[in-house]
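This document starts with one chain, in the form predicted alone, laid out as structure tokens.
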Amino acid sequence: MTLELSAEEEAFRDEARTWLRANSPGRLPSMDSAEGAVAHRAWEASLAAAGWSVVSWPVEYGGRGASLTEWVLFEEEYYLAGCPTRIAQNGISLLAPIILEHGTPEQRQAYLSSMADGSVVWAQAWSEPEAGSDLAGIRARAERDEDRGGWVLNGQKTWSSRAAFADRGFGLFRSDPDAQRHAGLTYFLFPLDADGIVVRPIEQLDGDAGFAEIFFSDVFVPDSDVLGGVGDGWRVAMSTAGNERGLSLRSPGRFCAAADRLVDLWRERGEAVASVRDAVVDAWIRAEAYRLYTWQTVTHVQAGGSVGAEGSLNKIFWSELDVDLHETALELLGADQELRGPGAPAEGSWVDDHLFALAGPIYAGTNQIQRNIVAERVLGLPRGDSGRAR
């Protein structure tokens, strides 16, 4: 593992730190509200205008051509500066790596720049009412329309993140109903205002619409919006899942910054709640362990390696750390966790972030499924009689 930075990397980190601390808007209204969505898009535009939205992308698409090391450095500085969660995250962290790997030059040109500046926000439309963790069990279908040179989509997606305020979506549809479960799937891109699409927001615990159901009724999608080839959707989707569970979705900077805030909260209130002292220390150590693990992974990838099934270990670790860290904060706050707005501890952000953390063990593939993957593909354990690892 390499932790020493070159002079160029240090200069990059210092430039990012200076700009982010001078320009961070701090905490914005929830991006799952109409007001917050507008504010977050404006922040994305500011990042893009200054060249900080997608630092690791090629320059021609709005990036800086930064190395993986520089990307991790940027993420650390981003969260240390108290910058808001990215409303463009589905696009820049999940879809963009797949477009860069599997997309056509025309798709890269059409979608990447608008993704980077927040003018087009993407929704992840994978799960279905009877196919959540079992992504291969999807039933939404795509039928060929030769006359128009494209496909007609029908079916339903649910728990589609960002869909309530997004512009476009990406997801899998069954294009060959006679193929085996993991075959016959095709990956499509589509506008959420297309004829035949109905978006119904799903209200979360906090009252905001962070998800939505999407209903497709004879929705036409041209061949130019097939990503990765007809029938190749499972392989493309697993590339997305690998990015989501591995490095791109949850950088260590997010958890290290939260752990530092937890330590500050302990210093303010720890004597009154001495029983959580060990939990505070444990959260800080786990955040630091995750940071070091990420640097080990960066070193491995830059040496020619890749993130495989061990990405499931990574996903389990950060999602459970996130829940435990925020539960510790709420215990420190006691009844004050119910307060909101100016004058409240952190303006009520601890409980909001806790509610978001509770989703971590579910999205990007439930942790139960991730444990099966770890058991079978990392540890080499046999599958159980039910077809699942024990």
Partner chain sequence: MRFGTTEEQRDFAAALHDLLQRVDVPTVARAWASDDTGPGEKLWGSLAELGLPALLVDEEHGGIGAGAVDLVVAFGVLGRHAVPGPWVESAAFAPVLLRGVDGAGDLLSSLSEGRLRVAAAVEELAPRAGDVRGADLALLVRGTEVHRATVGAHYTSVDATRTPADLVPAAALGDAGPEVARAVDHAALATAAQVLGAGQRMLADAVGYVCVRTQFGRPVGEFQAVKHLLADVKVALEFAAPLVHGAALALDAGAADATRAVSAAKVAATDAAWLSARTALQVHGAVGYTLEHDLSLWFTKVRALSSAWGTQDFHRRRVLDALLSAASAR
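Residue numbers count along the first chain shown, from 1. Model, not experiment: these values are computed from the prediction.
The same protein also has a form predicted in complex with the partner chain, omitted here; what follows describes it.
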| Does V374 make contact with the partner chain in the predicted bound form, using a 4.5 Å heavy atom cut-off? | yes
| message | So in the predicted bound form, is the partner chain close enough to A11 to count as touching (4.5 Å, heavy atoms)? | response | no
| query | Even though the partner chain is not shown here, does P25 get within 4.5 Å of it in the predicted bound form, heavy atoms only? | reply | no
| task | Give a yes or no for T18: in the predicted bound form, does one of its heavy atoms lie within 4.5 Å of a heavy atom belonging to the partner chain? | result | no
| Answer range among 95-103, 261-269, 155-163, 196-204 for contact with the partner chain, defined in the predicted bound form as heavy atoms within 4.5 Å | 261-269
| field | Heavy atom within 4.5 Å of the partner chain in the predicted bound form - the one residue of A131, V298, A309, V273 that qualifies | value | V298
| note | the partner chain in the predicted bound form has a heavy atom of only one listed residue within 4.5 Å, and of F215, F220, F317, Y79 that residue is F317
| request: For the three residues D282, V378 and P382, verify that every one has a non-hydrogen atom within 4.5 Å of the partner chain in the predicted bound form; reply yes or no. | output: yes
